[in-house]
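Encoded as structure tokens, the following chain is the form predicted on its own, with no partner shown.
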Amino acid sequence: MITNARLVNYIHSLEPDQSEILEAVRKEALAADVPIIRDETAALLKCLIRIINPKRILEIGAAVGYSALIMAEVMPESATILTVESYEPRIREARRNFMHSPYHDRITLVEGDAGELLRRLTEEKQNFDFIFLDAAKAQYPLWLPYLMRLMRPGAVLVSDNILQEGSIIESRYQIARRDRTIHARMREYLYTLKHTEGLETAIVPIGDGISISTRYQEDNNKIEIGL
């Protein structure tokens, strides 16, 4: 993660102006202290979508819809996004933001628990080309087996906020007791990403850290779901 504030500000200064809808959603989210992806993370996300040209995108953690709209602006015209959110106030905001955008007919928002959605999608043997994971961090390692089942060969999984503002490198005894579960689960998740057959993963220190994983193994029978 980049900690040099001047460098980050310079990178931000290079970004072109966003569309009116994106800028409005961004300003409202920041004013309400709703966490949204950082500018440099958004730029990388858009670049990846352009490179991959996914037809089906799955997002875990819609919040107010900002990241889904970012992806929608650069995805192919035939592509769709399925996103999920469990927090009612943010669901209302996301629905409003989607309806006011040109992409309302290509973004489906599911209300409810992400784990339940992942189980259902897995049972239905659905597949996605691109998955953006930005939800409850303690659930990342528990969701990973489902996510891998949902990734077709060549699919990409992007996981956000993985470096925990740099605290990921600290001993658990230096972490506040209330944060130790998330700390341990995230370290487990990162280790699993880097040591699981069928995934090739890069950990990129921008924003609050992201991982980019691609699925290269076609034999889904080797993936075990323990929940």
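Just so we're clear, the structure is a prediction, and the values are computed from it rather than from any experiment. One-based numbering along the sequence shown.
We do not show the form predicted in complex with a small molecule, though everything after this point is about it.
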Would residue 96 sit within 4.5 Å of the small molecule in the model of the complex, counting heavy atoms only?
-> no
Contact between residue 120 and the small molecule in the model of the complex at 4.5 Å, heavy atoms?
-> no
Partner contact for residue 66 in the model of the complex: the small molecule, 4.5 angstroms, heavy atom = yes
With heavy atoms only and a cut-off of 4.5 Å, decide whether residue 134 touches the small molecule in the model of the complex.
-> yes
For the chain shown here without its partner, which stretch in 151 to 159, 79 to 87, 123 to 131, 100 to 108 has non-hydrogen atoms within 4.5 angstroms of the small molecule in the model of the complex?
-> 79 to 87
Among 36, 193, 186, 49, which has at least one heavy atom within 4.5 Å of the small molecule in the model of the complex?
-> 36
4.5 Å heavy atom contact with the small molecule in the model of the complex for all of 17, 40 and 43 = no
